[in-house]
Every structure is written in C-alpha cells, then in structure tokens.
Ligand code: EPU
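Quick setup: one chain, the form predicted alone, written in structure tokens, and binding and motion questions come after.
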C-alpha cells in the first residue's frame, strides 16, 4: 500500500475529466483500510472512495485522499446460487461470469459501467431489474469505528437510484464485498417495453440467457455511448417523481407526457428524457461538453471538456425543465 501525491484522476472517471487528487491510494486488500483511515485522521484528510468513477463528475481538484478500491474475487456457490463478490470487480464482467456459469438474474444489468462496490450505492437498475431485488447483504468497513460490519438487504434502505450509502447515516461506510442471490433456473425478465420490443423484432419469444444478454447490450448500445470512446457517466439525471395531481395538471398542457407507476401510492414517475426532448436538448453544447445526439439524458465530454463545462450545461438543462414544466431535476451523477 502506497499513498501517492498529486495524482491525475483522468483515468479514474468515465467522463475523462482532468482533475487531480492531492493524495491517492489503491486498495488491493480490505485489511488495508484501517491503516488508510488512521492516516487520514492523523493528517485531517477528507476521504473520497472511488471505483471506476462511472457515476462522478469532478468539477474541482480533490484536496483530500482518493481511496481507489481495487480488490478482486468472485465466489459462486453452486448449491445455493449465492455469489460473493469483491468491491473492485468490474460489474459487467461479473454479469458475464455469472451467466456463463449458469447463475441467472443479472442479464438485464449488462453493460452498466462501474464496479461491484458502487452498485449498491446507486441501487443500479435497468430493463425491469434492480440490484436491490437480488442483494442479500453487503460487507462494509465502518471508517468511524474502524471495523467491518455486515448489512442485510433491509438495512441498505434501497429506493429508486438511492440507498443508505448516499445518506449521512452511511457516509462512514465503505463497501468491501457484495452477496447476491441468483437463480440456477432460467426465468427471463422481459417486461420492460424497449427490451420486449427488441426481442419481438428479432423474432425471439422465449430468449435464452445469451439471447437476452445480447439484446440488452444491443438496446443499451443503441442509446448510450461507450465511455471508453466518448466520455460520459450514463444518465445524468434521475427520472422525477411527482404527485398524480401534478401529473394530471401537466397533461392539460402536455397531453403526450408519459408516466410510469411507482411503489408509492399517489405518485408517478415521469421520464426525464422526454422532458429534455421536448426542450430540444439533444446536441446542445457548452464549452467542450454536449448533450448526446441520441439520448438527452447523457452528457458527454465532446472536446476536452472541463468539469465546469459539464456542470454548467446540466444546470442550463435543469433550469429549462423547471421553467417549462415546474419540475426540478435531480442529478443521478455525484458532483465533486
């Protein structure tokens, strides 16, 4: 374990933003965490835990200690269908490994960028499946008490793109391992409209795991750019949730506005992409940043954008939505 100084963070965020960390350490074993946090306390350094940086926007340099989780390990239990995964594993690689080994349930979450440790923080989800549906427990390092703890699913307080780990109560917790309950029996989830339509167009009525995986990848790639080729962090904004009364009032002026049900009575979810499409946001730019031409929710690093370029473009978009629809968009991306 080596704590380095003045490290370039460009390789550690999917936007490809040039920012620097005053201090940086890469963690290969969970038992290194105690020493790192003792050092941070002694030097009074703020700590930022980072996986692959697929859900973060650096607007400024980071003056504290960036802790990069690089732990590895996947343990699949043939009899129970449970999988234990180290936080530093690449999420998409895990999906492929599990599918090829006959552990099912993750196929709809293919190609979501990021590491396994970041997945519970965001409660990642796509095409009808959310991580919270499959998670059994997480192992965390409590940096306040300098000890490891296990949190069961209920304790993680999962909600739409939200969890305990995005709250003040979870601020001291570093995810080191995730345990998932997958199925040895194949039961495809194809209820999501875009996915079911793609399968139908391909003439597939009963998809195999590989066919479902391939279709998810196809649909995702048709809408979202590859961060390795064009810097981005996927969907920048959450889909807003409003009361049914507000939605009905909006329909009077915007009769084509779609909505989706939520688990909360009296609330509906409105696609943020639709709101931004109505405002003609696709292709708009600011400095080196731009809105992707195929998906209004995706902001991209078009030409050596600064974090401020992307942040100000997002602010412009949020302001337009608030003015036109009276809806406040919330970023899905963490802004530093």
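Numbering follows the first chain given and starts at 1. The structure displayed is predicted, hence computed values, not measured ones.
Beyond the structure shown, there is the form predicted together with the named molecule, which is absent from this document and is the topic of what follows.
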Tell me which stretch of 223-231, 67-75, 163-171, 97-105 has a heavy atom within 4.5 angstroms of the named molecule in the predicted bound form. 223-231
Please pick, from 176, 215, 239, 143, the one residue with any non-hydrogen atom lying within 4.5 angstroms of the named molecule in the predicted bound form. 239
Name the residue from 282, 286, 302, 39 that puts a heavy atom within 4.5 Å of the named molecule in the predicted bound form. 282
Does the named molecule get within 4.5 angstroms of any non-hydrogen atom of residue 125 in the predicted bound form? yes
So, residue 61 and the named molecule: in the predicted bound form, are they within 4.5 Å at any heavy atom pair? no
is_contact(residue 30, the named molecule) in the predicted bound form, heavy atom dist at most 4.5 Å: no
Find out whether any non-hydrogen atom of residue 192 is located within 4.5 angstroms of the named molecule in the predicted bound form, and reply yes or no. yes
Heavy atom within 4.5 Å of the named molecule in the predicted bound form: which residues of 309-336 qualify? 332
